[in-house]
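Here's a solo chain for you in structure tokens, the form predicted alone.
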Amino acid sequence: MKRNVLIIGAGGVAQVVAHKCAQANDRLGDLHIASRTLAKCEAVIASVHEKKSMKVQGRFDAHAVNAMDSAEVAALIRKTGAQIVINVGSSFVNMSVLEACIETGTAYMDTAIHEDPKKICETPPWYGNYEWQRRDRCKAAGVTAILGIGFDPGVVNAWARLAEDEYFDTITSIDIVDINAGSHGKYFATNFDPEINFREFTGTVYSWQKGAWAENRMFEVGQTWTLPVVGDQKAYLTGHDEVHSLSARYPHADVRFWMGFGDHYINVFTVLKNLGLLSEKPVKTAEGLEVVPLKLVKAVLPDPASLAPTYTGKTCIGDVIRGVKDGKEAEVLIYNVADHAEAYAEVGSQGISYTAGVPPVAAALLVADGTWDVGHMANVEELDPKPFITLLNDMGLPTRIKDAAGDRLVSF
């Protein structure tokens, strides 16, 4: 059944979501996009029409909304008749958008755990601090809420569930490795909102090891991973969203997240951090102006969406999963490779945004046809991964597996 879709946010990921919804609007319904700045929404829709992404003639409207105001979001949901909300705005707005969806009985999805702007790196499990506290209310209202349905978190969670279902009797470790081997040509930039990006790396690095939370400092633990296409890449143990839900489902497995960083990124980050420029706490200038250093850094760095036209190279994100199958130890790598230039040619965004933006649209299609319309709150690993992976294969994010039997496309 067709369902109207409201996209919250108008950044690089939202642009991908908009194009992919348009490409599938024969299976969705009317499309709407809303953010604080109406002009950004109108620019996204203009990009959709410029690339002729609409599969069939249909409605795609832009709206201004304060996504931090739950009542305002609920009013927009009612005005648009939206039945699915894809929240790809800042993670600061998750709770207000989710509240609006519970109030209106609308399916909800996001791509990251909620964050309180005043807090950095709260104690685990992060989902337990906000989203999971609303499980009972979602169930009582019959609201489908799919959490963390980007790539990581999101697709990597589905791969863990696939490994559980198909490749292992027991899983002993899940290492999620995220490598961007591309180049944006700038002296320094972040691929997502700098404020959100830096907040990930300024607090404690949490991983789940030996049945308990382990704590490290950022860039304290690193290792070289050998991956398809991108080769040998240095990655560092990093705190990340999916560790917090996967550790709940696989409590007897070690669950770690590794992200690739070059020496230049680490050097610039370290200088900014040591100077106090990544602090979220306000300071006063000599002129008496109150500024938040992190917001100032964000203001002077390139807009991540502006990187897309000249971005080259590829990404490789994969799950290295170890365990036991038929009494023998086994290891698989389940992965995807995306190309920055190809993403820009198709939807006008770079590859990082592409990998994050395609999965929620696949999820929306599965909610619309009833496959994932579960009527309660769920993390991705709680859902059947096969129809999701099948859709992603057709939508530009093919899943591959490398194991003792070779390297091949995952298909069903």
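Since the structure is predicted, the reported quantities are computational estimates derived from the model, not experimental observations. In this text, residue numbers run from 1 along the sequence as written.
There is also a form predicted together with a further copy of the same chain; it is not shown, and the following applies to it.
Trainee: State the residue from 214, 141, 74, 272 whose non-hydrogen atoms include one within 4.5 Å of a further copy of the same chain in the predicted complex.
Mentor: Only one option qualifies, and that one is 272.
Trainee: Find the only residue in 222, 313, 124, 293 having a heavy atom within 4.5 Å of a further copy of the same chain in the predicted complex.
Mentor: Answer to the contact question: 293.
Trainee: Please state whether every one of the three residues 267, 276 and 283 places a non-hydrogen atom within 4.5 angstroms of a further copy of the same chain in the predicted complex.
Mentor: Yes.
Trainee: Counting only non-hydrogen atoms, which stretch in 239 to 247, 141 to 149, 81 to 89, 185 to 193 is within 4.5 Å of a further copy of the same chain in the predicted complex?
Mentor: Every other range fails; the passing one is 185 to 193.
Trainee: How about residue 289 - does it come within 4.5 Å of a further copy of the same chain in the predicted complex, if we only consider non-hydrogen atoms?
Mentor: Flag for residue 289 set to yes.
Trainee: Is residue 299 a contact residue for a further copy of the same chain in the predicted complex, using a 4.5 Å heavy atom cut-off?
Mentor: Flag for residue 299 set to yes.
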